[in-house]
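Given next, in structure tokens, is a single chain: the form predicted on its own.
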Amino acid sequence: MTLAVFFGCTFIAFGPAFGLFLFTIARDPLRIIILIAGAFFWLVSLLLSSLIWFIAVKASDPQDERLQKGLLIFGVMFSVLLQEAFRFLYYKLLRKAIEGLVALSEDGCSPISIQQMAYVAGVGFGLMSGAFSMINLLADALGPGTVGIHGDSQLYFLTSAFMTMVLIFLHTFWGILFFHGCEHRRWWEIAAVVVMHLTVSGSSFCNPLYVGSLVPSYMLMAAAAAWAYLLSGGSAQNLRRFLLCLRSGASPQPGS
């Protein structure tokens, strides 16, 4: 049973992201480099935020539960802001990289667009975030033990896997929105990404009421996906056809 939980949660959390990597990134060495660099930037942001939180906890009274809870909330919010700050730094780095690629190319064009970079960088952020979210849980899922044997929720591993999956997708869409905002100086788009990130991270405090964290996260993912699709050149008409399951050129038939 533990082996089934391990593989099931692994495929739920990382299966869709692996598909994105396999079909859209793996064949291009430049995209792989951008993905790895994006994962590294996220890792550095986590390291710095963890260091700040560790110092704050050690410098505080461990017996004060209210203070410790406040420090936990501060650590989560600070980590989100630091991640978005590093996303901005990564955008500036990739902007310089595009200028260098244009200077080196024979036709004066970059082999990869800023929109493609935004997508790949977002996947890199998401994969590293998901790996750190699930790696310890997957190790525990191998057993020994039974989830919920003492009356706790038996859905812990399953909901964690679905939460990891949505975070990977959200980081991908946030990367597209954030880079578009930086590219066109639409700072409200950047602010929207930060607010969505804070909302999703803050919803985790609703656990173990998992509906309070999963439902808002998936609703925000759907909104971010539609927004990123439109900013990437998609049309609202095609999005409407997709949502209504209509074929191109077909019109809905009235019921008989």
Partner chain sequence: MSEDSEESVPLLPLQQESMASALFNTDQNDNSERRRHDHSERRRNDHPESETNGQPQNNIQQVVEQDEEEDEELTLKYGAKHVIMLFVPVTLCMVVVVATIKSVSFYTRKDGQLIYTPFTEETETVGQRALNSILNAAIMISVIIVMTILLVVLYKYRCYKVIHGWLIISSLLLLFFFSFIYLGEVFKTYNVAMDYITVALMIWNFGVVGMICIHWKGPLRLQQAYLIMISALMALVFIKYLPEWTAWLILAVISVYDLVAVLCPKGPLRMLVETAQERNETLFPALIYSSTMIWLVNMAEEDPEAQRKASKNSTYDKQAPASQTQNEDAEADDGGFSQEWQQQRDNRIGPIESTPESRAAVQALPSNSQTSEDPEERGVKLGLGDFIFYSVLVGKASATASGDWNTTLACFVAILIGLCLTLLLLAIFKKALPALPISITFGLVFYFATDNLVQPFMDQLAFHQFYI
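These numbers come from a predicted model, not from an experiment. Numbering follows the first chain given and starts at 1. Throughout, rigid core stands for the largest set of C-alpha atoms superposing within 1.5 Å between the two forms.
FYI, the form predicted in complex with its partner chain isn't displayed, but the following is about it.
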- prompt: Does each of P29, I135 and S160 have at least one heavy atom within 4.5 Å of its partner chain in the model of the complex?
  reply: yes
Heavy atom within 4.5 Å of its partner chain in the model of the complex - the one residue of A59, M219, L51, V195 that qualifies: L51
- prompt: Is there any non-hydrogen atom of S79 lying within 4.5 Å of its partner chain in the model of the complex?
  reply: yes
- prompt: Is G100 a contact residue for its partner chain in the model of the complex, using a 4.5 Å heavy atom cut-off?
  reply: yes
query: Does at least one non-hydrogen atom of Q116 fall within 4.5 angstroms of its partner chain in the model of the complex?
result: no
query: Hey, in the model of the complex, is K69 touching its partner chain, heavy atoms inside 4.5 Å?
result: yes
- prompt: Considering only 203-230, what residues come within 4.5 Å of its partner chain in the model of the complex, judged by heavy atoms?
  reply: S204, F205, N207, Y210
task: Look at R66 and decide if its Cα position differs by 2 Å or more between the shown form and the other one after superposing on the rigid core.
output: yes
